[in-house]
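Here's a solo chain for you in structure tokens, the form predicted on its own.
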């Protein structure tokens, strides 16, 4: 069967798809790498729209589907005939190079709040790629569970570096295959396979506008990387951080935010707690509600960067659109 991918700037890409092969797998086999994250039908990063043809879908999270008719997830879509699919980005945003896979050793694993862990890996030296961890703040890596086919995508929280350090903030999901392994089995010295970097959720360095970063749960990780880059570059762009959690005990340690405010004097932060008592240095409400209040007082509409669970992202996008923020000023990634 033939699959035709249409980009927003009207480039047509044709590829062959084998029986029982997803569109995402077929594209990667052809040297085309559409934006994707979880590869398991859960995050919505590979969302697109079927224009013509028939298909079936593997089990997936309905909430992850993009709005509109004939919405699909490339990682779950199985063509049943020749199929034409519209991608939500331009050809220039569609990578044509293979994504490197490397081995990394666990250097540290410790709690980050009550419902997450900080995982620090160090890449092993590679004869071609060397030792360095080369990525853009906001990007993510796929990590494979040893001895299984299970892999998960997690955003990087640190900065590119020469010594191969990768830092992740990972939410502990009850019954989760990967996070359960981290909580109960993983130890320092274990070897993991990592693939990446991946993703286009990065800062627009050419924009003169203020930035508003909105994160939910471990969607804070890529925002942390972005803020650390601003600090390293002594970037004086005004920046407002909104971090949403379900309960105050789910928040990351306050020391982390203190460190950011000290490194970035212009940084303003707001912790939004949805349920229970907000506690010190926090407000009651969702991240979307706090964003709405912030935009109502903003003189000029900022660039908005949002990362978190799909429902939170959709709520934030709705608030931004109601406030009149143009799509060109909104950057988002669903977990």
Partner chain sequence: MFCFQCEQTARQGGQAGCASAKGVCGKDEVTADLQDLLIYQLKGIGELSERLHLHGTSDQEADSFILYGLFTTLTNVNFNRAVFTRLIADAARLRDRLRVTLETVGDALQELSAAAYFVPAADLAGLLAQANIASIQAGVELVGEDVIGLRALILYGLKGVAAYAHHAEVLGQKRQDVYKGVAHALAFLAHDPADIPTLLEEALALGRLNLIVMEALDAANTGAFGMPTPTRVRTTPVQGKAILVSGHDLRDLHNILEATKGIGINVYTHGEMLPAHGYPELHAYPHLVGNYGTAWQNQQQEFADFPGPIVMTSNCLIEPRAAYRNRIFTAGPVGWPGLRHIQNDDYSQVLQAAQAIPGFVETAPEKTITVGFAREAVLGAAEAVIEAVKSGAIKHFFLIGGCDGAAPGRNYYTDFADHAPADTVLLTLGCGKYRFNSHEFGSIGPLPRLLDIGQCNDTYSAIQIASALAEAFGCGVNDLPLTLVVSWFEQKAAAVLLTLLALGLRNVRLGPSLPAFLTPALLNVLVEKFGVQPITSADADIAAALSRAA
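In this text, the rigid core denotes the largest set of C-alpha atoms whose superposition between the two forms falls within 1.5 Å. Numbering follows the first chain given and starts at 1. These numbers come from a predicted model, not from an experiment.
Omitted here: the form predicted in complex with the partner chain. The next part is about that form.
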Quiz item: Do residue 206 and the partner chain share at least one heavy atom pair within 4.5 Å in the model of the complex?
Solution: yes
Quiz item: Taking heavy atoms and a 4.5 Å cut-off, does residue 96 contact the partner chain in the model of the complex?
Solution: yes
Quiz item: Might residue 131 be said to contact the partner chain in the model of the complex, defining contact as any heavy atom within 4.5 Å?
Solution: yes
Quiz item: Looking at the partner-bound form in the model of the complex, is residue 211 within 4.5 Å of the partner chain by any heavy atom?
Solution: yes
Exercise. Given the partner chain in the model of the complex, answer whether the residues 21, 25 and 181 all have a heavy atom inside 4.5 Å of it.
Key: no
Quiz item: Hey, of 105 to 113, 216 to 224, 231 to 239, 183 to 191, which bit sits against the partner chain in the model of the complex at 4.5 Å between non-hydrogen atoms?
Solution: 231 to 239
Exercise. Could you spot which one of 126, 249, 254, 82 gets a heavy atom to within 4.5 Å of the partner chain in the model of the complex?
Key: 126
Self-check item: Residues within stretch 136 to 170 having a non-hydrogen atom within 4.5 Å of the partner chain in the model of the complex
Solution: 136, 160, 162
Exercise. Would you tell me if residue 93 moves between this form and the one not shown by 2 Å or more at its C-alpha, with the rigid core held superposed?
Key: yes
Quiz prompt | Threshold 2 Å Cα movement between this form and the one not shown at residue 322, rigid core reference | solution = no
Quiz item: residue 204 and residue 8: do their C-alpha atoms lie closer or farther in the model of the complex than in the form you see, with a change of 3 Å or more?
Solution: closer
Quiz item: So the Cα-Cα distance between residue 203 and residue 9 shifts by 3 Å or more in the model of the complex; is it shorter or longer than what we see here?
Solution: closer
